[in-house]
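Here's a solo chain for you in structure tokens, the form predicted alone.
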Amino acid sequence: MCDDIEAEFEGGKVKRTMNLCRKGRAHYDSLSIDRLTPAVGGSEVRGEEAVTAAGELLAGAECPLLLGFGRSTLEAQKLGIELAKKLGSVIDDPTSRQGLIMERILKGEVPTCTFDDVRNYADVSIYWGDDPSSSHPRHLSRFSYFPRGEKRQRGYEEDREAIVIDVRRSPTATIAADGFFQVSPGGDAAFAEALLAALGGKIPKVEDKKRMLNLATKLRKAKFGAIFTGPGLADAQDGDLGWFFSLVARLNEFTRFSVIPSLPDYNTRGLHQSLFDVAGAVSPVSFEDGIASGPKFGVTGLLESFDAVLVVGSDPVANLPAPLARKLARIPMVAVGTHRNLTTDAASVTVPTAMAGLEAGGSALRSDGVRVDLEAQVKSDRPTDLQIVEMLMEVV
């Protein structure tokens, strides 16, 4: 989703690039590595045959599940929602509980901002259960800690403070140095409670009381703060995040603090937005009887309820906890994607697609909600994710 990348290609392979991080370069290099092929029952077939088999599997199911779409374009996501309506199915995002935070943001209940706002104005950035140095390598340099912004022209040396709250000393925590606060697994709510006490002028119930009081003072005096939430926070306390929302509200009584979830796939925010526009909820969303309804159950609930799964642009078998991944792998599955992975290996039917932003165009939303238009860089005979969903709409 970086909009400043320069690249030259030769024979469909990368020749030269600028402004790519290590993950971005690996993404570009994967153009010719381990690409997915169309297959039914483990045997390679023509693409049209794979799509037909996929449509027949979904059409014959009584309770299908649509899963993923985080690595699909906005256009494919919106049509995927229409497919879920047509099938009367559930559509879900398996990546994490970040949707709980995003839904509050989309409802206007939690303040947010753009990455550009952070670069220009933020003097304090909090990374809670988030390690952008590993997951989004250009995050700190472009937006939050190192850059010179409109009102923050002296960067991290004088103008910016980084706070990391995590269960381990991550690469981001190492950069933050004295700003690292380690919590025990499941101890996020207790940390927030202590911070709330310190913000209210009370003695916090922690071992290092002075350090917690200093943190509270620093946050109260911030001109503009940003909180980046990662899966470590979203999965804490089994998804009960009332303590986090209370802390954000309290901080905004002193100054301005905005929240931006650090989402795993490039267009997870797009899926959340598209689902919210249709159903008023993020995920999972059920279209049983053609009527959209909010979270009832999904991949993190009763997988036994589903008799077929369509996975698009995602690898849930690799990302879900092992017990859920094993349940998912036992359900008849269609996997639509660009590369071979654990989910495609477990699927009954595989359908390959072109890589958005490299082999195909489209649009997506950054984690901060800013729209990015993607353009094809190299030619490909693989269909786009949108074309595959269009064909599935016709088959079912």
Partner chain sequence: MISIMDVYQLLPKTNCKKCGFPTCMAFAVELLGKRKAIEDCPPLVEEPKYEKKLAGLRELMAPLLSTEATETGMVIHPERCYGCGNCVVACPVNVASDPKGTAIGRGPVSGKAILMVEDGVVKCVNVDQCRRFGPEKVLCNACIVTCPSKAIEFI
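Keep in mind it's a predicted model, so treat the numbers as computed, not measured. Numbering follows the first chain given and starts at 1.
The same protein has a further form, the form predicted in complex with its partner chain, not shown here; the description that follows concerns it.
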Using 4.5 Å between non-hydrogen atoms, is residue 175 touching its partner chain in the model of the complex? yes
Report whether the minimum heavy atom distance between residue 114 and its partner chain in the model of the complex is within 4.5 Å. no
Any chance residue 20 has a heavy atom within 4.5 Å of its partner chain in the model of the complex? yes
Residue-level question: is residue 137 within 4.5 Å of its partner chain in the model of the complex, judged on heavy atoms? yes
Out of 270-278, 248-256, 198-206, 138-146, where are the residues with a heavy atom within 4.5 Å of its partner chain in the model of the complex? 138-146
Residues within stretch 2-19 having a non-hydrogen atom within 4.5 Å of its partner chain in the model of the complex: 3, 4, 15, 16, 17, 18, 19
